[in-house]
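First, one chain by itself: the form predicted on its own, in structure tokens.
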Amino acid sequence: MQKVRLSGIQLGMLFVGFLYGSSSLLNPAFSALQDGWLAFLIGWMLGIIIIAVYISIYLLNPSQTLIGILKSNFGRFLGTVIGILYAWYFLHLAAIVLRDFGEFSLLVILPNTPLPFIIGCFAALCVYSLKKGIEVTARTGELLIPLIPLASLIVTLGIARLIDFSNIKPVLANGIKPVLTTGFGVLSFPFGETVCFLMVFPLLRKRSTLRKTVFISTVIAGLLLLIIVVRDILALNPQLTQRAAFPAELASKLFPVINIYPLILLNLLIGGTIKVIVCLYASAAAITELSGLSDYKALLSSITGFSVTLSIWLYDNVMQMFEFAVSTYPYYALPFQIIIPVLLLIISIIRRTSERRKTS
């Protein structure tokens, strides 16, 4: 793994694709109704802060993956235990994204196709890409990720005639609490999920470009998602956005004259594939480092097979999937995304300060 090196642009494309992923599909701010744009802004700003925490953790522990950082700061035993939990979280996250796209395909594209077959084919594509190496996915991302803003712009301009600014009124009609609750959900999905990249940051060729690369990528992805959130509220109205299983798919059907749905589908698959690949890579690399193996690729087939099985087992139906995403997931992910990283940052700063005092 140490022989793999990514350029700043390649890492940035992976980051944009990861954040865009299933977020554009599910609209993470839908539960705030007409205040969804405000909830997303709050979650986005908090997301930038937590991503800055991840960057600082890596820069204070250079050239180490998350597993190495955990062992260095929490001790070998406790660090290993927490590392195992992170490997599980990355694997679970891959299963969640696989199920998201499986349900989308089942409801919208292939209604008579068995769900396991859809998820299995999608996962096979991800395994094939990872077998070739994470750098191959990154190079492919350089070609495909630029299509994402193009498709979003086409849909937004195409349905501009349906925009009704009265759909965002009244502002804060239900108070600030639903906005803050939804903003916390936006923080955990998708911005907090970038904790996966603590397994990817060591692959960056020039460490000095990390802050700039990740910040620009977060701004670009955040703007794209904000445009989608605002577009859905203004064009579809808040109630329809909340009731629709996949608002982005519904918005594409409002495009006049021509059918641009295949372009939207391709767009979503690009982001979703990259997100699953990054999650599977993070889990495989974590298990490889924890077990002392030399190559993560030897674990890919078994890890992906388990992830596919888990994705099918997770929910009985699509309504349970949405209920878990809104009510349970933000709190389930809280230790992995915020509590442990903040503790890691504090301990890393204390250790670095102590080392500097000793050397001086």
Partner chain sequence: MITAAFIIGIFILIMITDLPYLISEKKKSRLLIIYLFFILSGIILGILLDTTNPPENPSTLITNMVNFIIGSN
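Treat the numbers as computed from the prediction; the structure is a model and nothing was measured. Positions refer to the first chain, counted from 1.
As for the form predicted in complex with its partner chain, it is not shown, yet the points below apply to it.
**Q** Thinking of 185, 215 and 322 as the candidate spot, does its partner chain come within 4.5 Å of a heavy atom on all of them in the predicted complex?
**A** No, none of 185, 215 and 322 comes within 4.5 Å of its partner chain in the predicted complex.
**Q** In the predicted complex, which of the stretches 60-68, 324-332, 25-33, 44-52 has residues with heavy atoms within 4.5 Å of its partner chain?
**A** Looking at the other structure, the answer is 324-332.
**Q** Quick one: from 178, 116, 158, 149, grab the residue that has a heavy atom within 4.5 Å of its partner chain in the predicted complex.
**A** The residue in contact is 116.
**Q** Let me know the one among 234, 204, 225, 287 whose heavy atoms come within 4.5 Å of its partner chain in the predicted complex, would you?
**A** Contact check passes for 287.
**Q** Can any non-hydrogen atom of residue 293 be found within 4.5 angstroms of its partner chain in the predicted complex?
**A** It does: once its partner chain is placed as it appears in the predicted complex, residue 293 has a heavy atom within 4.5 Å of it.
**Q** Is there a heavy atom of residue 56 no more than 4.5 Å from a heavy atom of its partner chain in the predicted complex?
**A** Taking the distances in the predicted complex, the answer for residue 56 is no, it never comes within 4.5 Å of its partner chain.
**Q** Counting only non-hydrogen atoms and a 4.5 angstroms cut-off, does residue 131 reach its partner chain in the predicted complex?
**A** Flag for residue 131 set to yes.
**Q** Determine whether any heavy atom of residue 318 comes within 4.5 Å of a heavy atom of its partner chain in the predicted complex, and answer yes or no.
**A** Residue 318: no, not in contact with its partner chain in the predicted complex.
**Q** Does any residue in 79-109 get within 4.5 Å of its partner chain in the predicted complex, counting heavy atoms only, and if so which ones?
**A** The stretch touches the partner through 91, 92.
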